[in-house]
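Before any questions on binding or motion, here is one chain by itself as structure tokens, the form predicted on its own.
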Amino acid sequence: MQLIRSETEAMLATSARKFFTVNSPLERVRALRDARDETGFSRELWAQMAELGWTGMLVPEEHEGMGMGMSELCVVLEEAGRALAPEPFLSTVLLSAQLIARAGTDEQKDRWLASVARGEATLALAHHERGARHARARVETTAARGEDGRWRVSGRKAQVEDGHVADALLVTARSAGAVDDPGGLCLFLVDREAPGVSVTRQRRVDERNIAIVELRDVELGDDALVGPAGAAASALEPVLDRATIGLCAEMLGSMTRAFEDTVAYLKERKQFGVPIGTFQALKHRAARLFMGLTLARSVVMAAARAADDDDASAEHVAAMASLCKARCSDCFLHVANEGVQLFGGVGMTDEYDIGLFLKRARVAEQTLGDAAWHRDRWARLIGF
């Protein structure tokens, strides 16, 4: 397995770095936060990313995508993470579009995949429920087929990324089985404005968009089913694993930027007439952060390569995704926490950017499973 970037990936990283440096400085994140922006990201910037092909990297070529792999997309996501760019890569590109590409009907693919690739449509996965923690199969939302043959879906979803701006929601609901049973799960494509659907916007501590989605006897036909009824878990699991790897790439970019900013501060801040970065104790702390970052970069690249390997088993990709998330969650929190400490008192103020990365670290660590959950899952997958 090659754990260095190819020439194509290196060129992509250079162009993505330039794009985000010019178009998405951290001041933009502050401006969106302070204005309480109703969208929470820039649709104009999202359209520019689509023109560059980034939103369609994982979309098959027959649907106007680029048909590329996770390795290439992770390069872009890492640069997006450096800028804390809030555009809907996770909700639309990594989760929803991939579920449709993997399990959707030809009509669903024709309707949505090209629109995602062109940056015209945003989608959101409504799967997580309160009390579920990170248990992927725990779904209490119900789907019952009436005598008229139509489905009626009722339930409440939480932590729905970008749910308030999504053109459609992919909703998991249980048609059979116990509350934690992977069997019996259905996946429905639901119009956000459909009767019985209520979406309430919320903001996380890092100002990213989430929503609560309530469904009250939402009537749907079989044409709304994504994949066979009761078999949604078979599509959901591999998509969640690949989305986790993509999120880790974004986290890698964020923690790398936080580390670089911290080192730059250690070089410029003076105490007793010398830069504080010359103090041996602070050198040691910075060195430990660097080692953690190096390990995180290796495991992100290894996980992305595994996801692109047609010969890799689903269990291997799942194990790599969990290893990646556990490592990146721990490292990002360590880098951000140490960054605030090494900045000293000013690290607690909004004048410096390190606080933005700390908030993002706290949220990203919990998204798609925290470090403890993924360590336990990784151990089980490899036979401990």
Partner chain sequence: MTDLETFRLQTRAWLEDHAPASLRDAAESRGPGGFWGGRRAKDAPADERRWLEVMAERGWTAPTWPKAYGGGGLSAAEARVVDEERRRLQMPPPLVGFGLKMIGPTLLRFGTEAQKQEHIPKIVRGEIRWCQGYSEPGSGSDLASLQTRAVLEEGEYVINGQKVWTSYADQSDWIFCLVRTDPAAKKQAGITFILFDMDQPGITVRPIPLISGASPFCEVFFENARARPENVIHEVNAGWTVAKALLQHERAWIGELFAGSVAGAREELVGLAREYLGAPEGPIPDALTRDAITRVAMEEDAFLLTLERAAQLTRAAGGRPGPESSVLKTAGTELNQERCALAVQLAGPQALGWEGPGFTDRELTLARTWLRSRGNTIEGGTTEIQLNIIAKHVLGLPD
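Since the structure is predicted, the reported quantities are computational estimates derived from the model, not experimental observations. Numbering follows the first chain given and starts at 1.
What comes next is about the form predicted in complex with its partner chain, which is not displayed.
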229, 286, 194, 233: which sits within 4.5 Å of its partner chain in the model of the complex by any heavy atom?
-> 286
Using heavy atoms only and a 4.5 Å cut-off, determine which of 278, 198, 271, 313 is in contact with its partner chain in the model of the complex.
-> 278
In the model of the complex, segment of 149-157, 168-176, 257-265, 69-77 with a heavy atom within 4.5 Å of its partner chain | 257-265
Check 84, 90 and 205: does every one of them have a heavy atom within 4.5 Å of its partner chain in the model of the complex?
-> no
Is residue 2 a contact residue for its partner chain in the model of the complex, using a 4.5 Å heavy atom cut-off?
-> yes
Are any of the heavy atoms in residue 114 no more than 4.5 Å from a heavy atom of its partner chain in the model of the complex?
-> no
Is the gap between residue 299 and its partner chain in the model of the complex 4.5 Å or less for some heavy atom pair?
-> yes
Taking heavy atoms and a 4.5 Å cut-off, does residue 320 contact its partner chain in the model of the complex?
-> yes
For the stretch 345-384, return the residues whose heavy atoms include at least one within 4.5 Å of its partner chain in the model of the complex, in the order they occur.
-> 374, 375, 376, 378, 379, 380, 382, 383, 384
